[in-house]
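In structure tokens, the next block holds one chain alone, the form predicted alone.
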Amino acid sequence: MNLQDSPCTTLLSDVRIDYSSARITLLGVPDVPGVAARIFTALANRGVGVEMIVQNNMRGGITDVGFLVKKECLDNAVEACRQVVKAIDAQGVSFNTEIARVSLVGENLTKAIDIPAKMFSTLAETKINIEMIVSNSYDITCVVAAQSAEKAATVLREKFL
């Protein structure tokens, strides 16, 4: 099927931007069972909810773990992460508050095989770097630099709506 001819793109109903989150990344985390449980238990014990958890498989027995938290929870989350990093002998914690989530919203998006490719190509053609991606049957969300969010939303609306 040619991507330009796919009928699936008609499933989209909206493009949304959300500036309410910050990204946290734990660097150089030992890639062993139980580490993720320790990280997210520490956050839960402090009442910090997380979204978009991403673990990158890396060589050498270490990995990075990234996720989003609400900006108002950032200080609490970073403190919890710094304590866990010390306890598990990870390399460090980084965070970024200058991000936004840009989402294509619709129904049954898992059936629309062309939408991720078109979304990512559209952002690439516009020189917008994607920092994180998550998808489900109702939306595809990319984390981008906050200063690129409006531009991303504009080009995605032009392409899809």
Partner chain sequence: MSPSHVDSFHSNSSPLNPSDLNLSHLHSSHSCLLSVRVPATSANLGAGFDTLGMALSLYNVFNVKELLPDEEFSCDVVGEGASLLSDARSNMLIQSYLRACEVWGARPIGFALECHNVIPLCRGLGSSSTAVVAGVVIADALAGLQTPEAELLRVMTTIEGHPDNVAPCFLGGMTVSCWDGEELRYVKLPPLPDDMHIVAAVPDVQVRTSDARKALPKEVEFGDAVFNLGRAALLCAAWATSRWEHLAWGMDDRLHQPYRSLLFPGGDVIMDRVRHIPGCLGVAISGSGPTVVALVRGGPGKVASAMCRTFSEHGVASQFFVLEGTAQGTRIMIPENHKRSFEQ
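All values derive from a computational prediction rather than experimental measurement. Positions refer to the first chain, counted from 1.
Keep in mind that the form predicted together with its partner chain is not shown, yet the notes after this line are about it.
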So which stretch, 35-43, 112-120, 48-56, 132-140, is the one near its partner chain in the predicted complex (non-hydrogen atoms, 4.5 Å)?
35-43
Non-hydrogen atom contact A124 with its partner chain in the predicted complex at 4.5 angstroms
no
In the predicted complex, is there a heavy atom of its partner chain that lies within 4.5 Å of any heavy atom of T97, even though the partner is absent here?
yes
Residue-level contact is defined here as any heavy atom of the residue lying within 4.5 Å of its partner chain in the predicted complex; does G28 satisfy this criterion?
yes
Does its partner chain get within 4.5 angstroms of any non-hydrogen atom of V93 in the predicted complex?
yes
In the predicted complex, residues of 125-161 near its partner chain [heavy atom within 4.5 Å]
Q147
